[in-house]
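Next comes just one chain, in C-alpha cells: the form predicted alone.
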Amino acid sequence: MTINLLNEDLQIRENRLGSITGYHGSAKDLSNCSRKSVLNDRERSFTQCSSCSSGTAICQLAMIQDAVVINHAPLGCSGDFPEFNFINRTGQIKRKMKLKNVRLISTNLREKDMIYGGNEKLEKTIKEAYERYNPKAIFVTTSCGSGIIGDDVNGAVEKAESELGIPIVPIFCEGFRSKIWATGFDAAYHGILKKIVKPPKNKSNNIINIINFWGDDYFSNLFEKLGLIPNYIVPFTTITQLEKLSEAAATIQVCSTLGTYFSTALEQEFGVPEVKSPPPYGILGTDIWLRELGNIVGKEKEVEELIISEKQRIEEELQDLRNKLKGKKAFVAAGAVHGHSIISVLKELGIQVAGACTWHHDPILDNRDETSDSLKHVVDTYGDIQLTVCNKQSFEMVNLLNRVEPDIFIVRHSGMSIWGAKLGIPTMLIGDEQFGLGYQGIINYGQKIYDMITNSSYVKNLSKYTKLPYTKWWLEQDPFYFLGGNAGE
C-alpha cells in the first residue's frame, strides 16, 4: 500500500519516491542507482528559477468544465491564469465543445491577510464562487502564502461544504513543500480520489481511462480497431465523468510522471487495473504497452493483428525518414518520463541522442513495477546516453546546447525552447504530448524534425542578432560547475 487516501494530504515525491532534481552522468548509472535505491540528490550551489506545485495542480483542475478552482493565494500567484484559459479554449475548439472561460478565482491575499489570517476571505470567496457559477464542485488550492500563515483551509472548506451541499476539495500544493513540481499533479489527484471518485456501480469492459494533459485525440482511431473507448482525464471532463472513473476497464497514462499516483490509486482503491508497461512511444514500447492492454481487456488476438498491420503501414515511410535523418543528432529536454519517451522515438528514427535533460527523476513509480520503468526500458532497448537531471536551470541548458551543437533541440515547456532558437538551433517545442504516441508518432516526429532541420534560416538569422545574457566566461566553464555531491554508490 503506497497510497493512503485517509490522509488529508499526501507525501511529497522526495519522501514517497526518492525523487531528485540534480544529476549528471550516464543514463545507465542513473537507472542502476535508482533500482538499487542508492541514488543521491546532487544539490546546486546556484539556481536561477524553477516551477511550482501549485501550477501543476491547477493545470489539471482548471479545465474540469463544471467546477471552480479557488487559488487561496496572493494575486501574483495567478500569473498563469491566462495561459490556462488559452489552453482551455484551444482544447474546447479541438473537441467541438461550447467555448467558455476557465473558472479560476484568486482570494487575493494581501499584507493585512498575511498578518490577521485569510480564512474569512476564503469563506467569502467560496460563497461568491458558488453564487456566480453554480458549480458541481469547488477545488481550493493552497499557496506558499496561505501555508506559511497556517490558514485553516480544512475548517473553511468543511464549513462551506455543509452549507452549500457540493464537494469542496482542498488541494494542498504549496510551492515550498517540494522541489518536484510534479507533486502538484499528485495533490490534485489526491483530492479528486478522496472526494469526487465514487465506488463503481456498473463496471465497463471497454472504457479505458487515459490520464493525459490536453493533447489531441490520437486514441480513438487506435482503440476503434480494438473495440475500446478512450476516456480522457482530467482536463475537459465533468464532475460526473470523474465520479465514474472507478467503472473503467483499465487505466493508461501517456506519461507516468503525470499519472503515477492517480493510476496506482485507481487500481489500489477502486480495482481499476493499471496498464503496467513502458510508455507507448517507440516500436518496442508500443508493442509491450498494447499487449499488456490486450491482456487486461481480453483482446490479445486483436492486439496482435493490430501490431502487425500498424508496423506494415508505417514500414516504408519509416525507412525513408531514417535515410533522410541519418547522421543527425538531437538534444532532448522534457519532463522525466516524457523525455525518455522522446528518446525512444528518436532512436527508432536513427537519430543520435547527443544528450538529454529531464526536469526531475523518480527512481521508482508508485506501482513499484519494474516493467513501467521508462528509463530502464530506454537503456536496455537503445543503449546508454549522457543524461542530466535539471529543474529547468537555463544557465546549464544554454552551456550544454552551446557545446553539443545538436541539429535539432526537442523540448517540452515553452520557457526553455527560446534558448535553442537564440543559439541558432532548430527547436521543436512539444505542446501535444500525444504527438509522438504509438507507431504513427514515430512518423509524426520524423516528418516534423526533417521539416525543421531543412528550414532553419529563421533561427540562424535570429542567432546572428541575439545577445545572450550569459558571459563568455560561463560558456567556457563546465556546465555542472555548480552541481555538487555524488550521485550514488
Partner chain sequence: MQVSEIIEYPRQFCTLAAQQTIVAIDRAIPILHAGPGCSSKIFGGASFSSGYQGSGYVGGSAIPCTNTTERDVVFGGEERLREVIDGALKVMDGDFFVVLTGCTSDIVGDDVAQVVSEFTNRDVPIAYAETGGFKGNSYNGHELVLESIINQTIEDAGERIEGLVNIWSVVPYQDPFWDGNLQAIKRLLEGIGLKANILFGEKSGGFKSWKQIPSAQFNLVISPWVGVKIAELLESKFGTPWLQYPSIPIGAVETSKFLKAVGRFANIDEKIVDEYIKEQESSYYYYLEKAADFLLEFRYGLPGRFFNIADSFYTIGISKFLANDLSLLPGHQFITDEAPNEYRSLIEEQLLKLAPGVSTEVSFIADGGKIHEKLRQYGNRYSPLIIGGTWDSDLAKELDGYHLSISLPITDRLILNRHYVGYDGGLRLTEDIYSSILQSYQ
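Residue numbers count along the first chain shown, from 1. Predicted model only: the values in this text are computed from it and were never measured.
The same protein also has a form predicted together with the partner chain, omitted here; what follows describes it.
With the partner chain omitted here, the record of contacts in the predicted bound form names 127-135 of 317-325, 127-135, 235-243, 369-377, defined by a heavy atom within 4.5 Å. Using a 4.5 angstroms threshold between heavy atoms, Arg42 stays clear of the partner chain in the predicted bound form. Although the partner is absent here, Gly79 sits close enough that one of its heavy atoms falls within 4.5 Å of the partner chain in the predicted bound form. Under a 4.5 angstroms non-hydrogen atom cutoff, the partner chain in the predicted bound form has Trp474 among its neighbouring residues.
Although the partner is absent from this view, Asn85 contacts the partner chain in the predicted bound form, with a non-hydrogen atom inside 4.5 angstroms. Looking at the partner chain in the predicted bound form, residues Asn7, Leu222 and Trp289 place no heavy atom within 4.5 Å of it. Of the listed positions (Arg412, Lys179, Lys276, Lys347), a single one reaches within 4.5 angstroms of the partner chain by any non-hydrogen atom in the predicted bound form, namely Lys179. Proximity to the partner chain in the predicted bound form, defined as a heavy atom within 4.5 Å, singles out one entry of Trp214, Phe172, Phe395, Tyr218, which is Phe395.
Residues of 140-163 that come within 4.5 Å of the partner chain in the predicted bound form, judged by any heavy atom, are Cys144, Gly145, Ile148, Ile149 in sequence order.
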